[in-house]
Each structure stands twice: as C-alpha cells, then as structure tokens.
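To begin, one chain is listed below as structure tokens, in the form predicted on its own.
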C-alpha cells in the first residue's frame, strides 16, 4: 500500500509540473495581457511601463514563466495586474467557500445515490426501479443553469405566498449574520438551493453506477453463501453486496469531482456566491491573466489531489491493489 501511495504522489507531482507549463503558455497565448489597460485613458504610459517592468512582460515567455513559478512558490501567486493586490488572500477565501459547497453537495449526492442505487438493484424491475431510472435520465438532461433558475423562482413564489423565508436565493450569509446556532441555520438556508442544483447530475450518475454494480454482485457466489449462513437480507445487502459494489462508485466520485468544481462556475454566478466560480468569472471578465492562472493552478491541484485520494481509497477497498 505504501508503494502505491508513493508512486501516485510522484506521478501527481510530475503532472502538476506539466500543468504549470500548459496553464502559463496557454493563457499567455490568448493575447496581449495589457490590452485592456492600454485602452484605458486614465492609465499613463509611465504607469504601464512600471507594470511591464514589475511583471517582466518585456522578457521572453520562458523567462516570464520562471518568474511566475517563483511568485507561485514564494509569493502566493503574486499580485493582480491592474490594482497590484495580493492574489492569494481573495483566492483562498473563494476556495474555502467553494470547498464547503462542493463537499456538502457531494455528501448529499452520495447519500442519495446509495439509497437509490441499493434499492433499485435490490428490487430490479420494480416500480421504484423504473421510477428512479426515469428520474436519472431527467437528472442527466436538465441544464444545470436552468434548474438553478427554476429553484430560485420556486423559492421566491413560496415566500410570496406563505411569507416564510425558508431559503435564500443569493449570497452565502445574511447582512446581519446571527451568532451561535443562528449562524449555521443562516448558512444552511443560503446553501440548500446551490447544493440541490449542483448535486442533481451527480445523484443521477452515482445511482446508475451503483445500481449496475449491485446487479453484478447481488447474485454472486459469496452473496449466496452469506444468505445460506442465515444472515438477514439487510446484512447481506449492506455488508457483503454494497461493499463490493461501491468499488466502481469510488472511482466515479473521484473523477466526477473535477466536473463538479467546473459546475460551480455556473452555480456560484447564478446564486452570487463568493466562491471559486465567481472568482473565475470576474477574472475572465476583466482579462486579468494572473488571477486566472492562479485559479487554474489551484483547480488543477485540487483535481490531482482528489484523484490521489481516490486511488488511495480504492486501494483500501480493494486488497488486490495493495498486493
């Protein structure tokens, strides 16, 4: 197992180094990073030259790449282009908010998918199985931005009819944030709709994979042996069948997390949440390449870390990999 972890860590570091080159040279190929500032009449030629000197924009791209790596390693990605503000403090706050949303959405999706997948596999061709199959196809097909807007409309109409504000449709916290348990209730009211919108596709994906895996193992020899020993159907399903059926699900969850992080761009923009998605949208709108490259680098690091964790969890679940 230790050898597996070491190999995966070294491979991830190599991929991360390659990602830095792809990100820097790819973003640099977009065009002149000073294009927006050159058209701003409020910025003098002297200010532009100082910016060029500070960011080494007169040097070859390879030299700029070296300075960017240095800033990334020693200065927390350095500063942005226009206002010379440190990038990492704002980016780290956005990252924490997004991680909070993604973790809760994935936990909700996994819990729902396990319940749906196990029951659909256990009662194949039942009304529940057919109903969840139709629901999964709908979950695959719904555009995430449309579903998020529909949730907002339903929440607003519910408030107008009942006068009860069960959930909020924007932001991460209220202006007058309460203390104690009230803070957590307020945060939950802001996160409920984004979590539902972000997890609907994951629920459809995970439940279908788990149902297929359950159908493969439910009639296997070791499951029949467990039944022959007199174990209850609940113990057979949860302890013997589900544990083995969950192996493909672990891989799917790890791979899908990158897609979920990408989905936060839409969700956080619609719900005006100060996370990585909104940070990326603002950096893209202002064409500031340094926050954009920092966002891409953090996202690549998160994706590699999640894949590494997935490989380790898969090794713990499957003894054949440890061997």
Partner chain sequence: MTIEPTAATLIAEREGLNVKPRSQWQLFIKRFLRHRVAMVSLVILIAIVLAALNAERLTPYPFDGMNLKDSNLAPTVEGGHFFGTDKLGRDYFTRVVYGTRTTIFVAIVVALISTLFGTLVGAVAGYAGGWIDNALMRFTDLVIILPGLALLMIMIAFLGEGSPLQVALILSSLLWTLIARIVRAQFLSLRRREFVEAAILAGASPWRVIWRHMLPNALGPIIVNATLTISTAILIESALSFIGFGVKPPTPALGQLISAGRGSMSTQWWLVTFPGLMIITICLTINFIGDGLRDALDARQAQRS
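Remember, it's a predicted structure, so these values are computed and weren't measured experimentally. Residue numbers count along the first chain shown, from 1.
There is another form of this protein, the form predicted in complex with the partner chain, and it is not shown here; the text below is about that form.
A heavy atom within 4.5 Å of the partner chain in the predicted bound form is found for exactly one of 251, 152, 244, 174: 152. Shown alone here, residue 281 lies within 4.5 Å of the partner chain in the predicted bound form, counting heavy atoms only. At a distance threshold of 4.5 angstroms between non-hydrogen atoms, residue 225 is out of contact with the partner chain in the predicted bound form. Shown alone here, residue 15 lies within 4.5 Å of the partner chain in the predicted bound form, counting heavy atoms only. By the criterion of a heavy atom within 4.5 Å, residue 95 is excluded from the residues contacting the partner chain in the predicted bound form.
Residues of 124 to 148 lying near the partner chain in the predicted bound form, listed in sequence order, are 137, 138, 140, 141, 142, 143, 145, 146, the criterion being any heavy atom within 4.5 Å.
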